[in-house]
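Next comes just one chain, in structure tokens: the form predicted alone.
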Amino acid sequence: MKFTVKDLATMAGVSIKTLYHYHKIGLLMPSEVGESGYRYYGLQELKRLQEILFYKELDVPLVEIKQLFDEESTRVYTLEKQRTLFMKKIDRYQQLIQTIDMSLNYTRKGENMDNQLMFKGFGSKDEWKDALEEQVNHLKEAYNVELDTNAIDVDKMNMMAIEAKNFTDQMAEFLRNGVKYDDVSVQNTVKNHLHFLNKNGHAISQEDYLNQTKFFLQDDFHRQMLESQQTGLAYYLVHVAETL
């Protein structure tokens, strides 16, 4: 099945100019270019365009979208990652709507609203900071190891935090669904995760990852964090790492 640029633009509700731009920057390539120069797209390109538009709705810049696609993730992994991000947006918008409703209620009654309630839901995008602080304190108390958090690249940390959460969520889902630790889909998910880390300045080999999972299993803080998400997850990750 072939679609012209016009067909694709009409189906997706985007301009032909947009599709040309995606082609130019290597984000969405046509499956075929005819002798006359006409571009044609197939089903795979339709799926990719859908994923691009999902990321656009999440306000992810085109440069970052291309980088995410370069990680060679499967369509299932990409869609699940996007679903997680949309759910986070929904949760935040629901909180903001509650704040609006409370503001309206107080205003209609002519009463002053508590300052903390007034700004509930406007929290910083740096949601990883609280979790990081808790982990830093644990490492200091349990192992006398101090981490320097002053030189953190905020944008990169946010991206890494999202990737870490999506990866852990996916592994927990595999475990819940009874997918064996040596299944190809599980192995590929871990390999994609390690590739992402290495490409973004966090050098980690398969052996490093195995040692990390063993540490998480032995350390009370990290084991409980994983087990609270899904019973058996800490053990599952070790078995997965051993079969890479």
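Quick caveat, the model's predicted, so the values are computed rather than measured. The term rigid core refers to the most C-alpha atoms you can superpose between the two forms while keeping them within 1.5 Å. Numbering starts at 1 and follows the sequence shown.
Absent from the display: the form predicted together with the DNA. The rest refers to it.
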4.5 Å heavy atom contact, Ser15 and the DNA in the predicted complex: yes
Partner proximity in the predicted complex: Lys6 to the DNA, non-hydrogen atom cutoff 4.5 Å: yes
Any non-hydrogen atom of Phe215 within 4.5 angstroms of the DNA in the predicted complex: no
Contact of His195 with the DNA in the predicted complex (heavy atom, 4.5 Å): yes
Interface residue in the predicted complex among Arg176, His202, Lys180, Lys56, criterion: non-hydrogen atom within 4.5 angstroms of the DNA: Lys56
Contact stretch among 42-50, 58-66, 182-190, 207-215 - heavy atom within 4.5 Å of the DNA in the predicted complex: 58-66
Residues of stretch 20-36 in contact with the DNA in the predicted complex (4.5 Å, non-hydrogen atom): Tyr20, His21, Tyr22, Ser36
Rigid core fit then Tyr41 CA moved by 2 Å or more between the shown form and the other one: yes
Rigid-core frame, C-alpha of Leu27, shift of 2 angstroms or more between the shown form and the other one: yes
C-alpha of Val63 off by 2 Å or more between the shown form and the other one on rigid core: yes
Direction of C-alpha distance change in the predicted complex, Gly178 to Gln82 (at least 3 Å): closer
Distance direction in the predicted complex for the C-alpha atoms of Leu53 and Asn188, relative to the displayed form (3 angstroms or more): farther
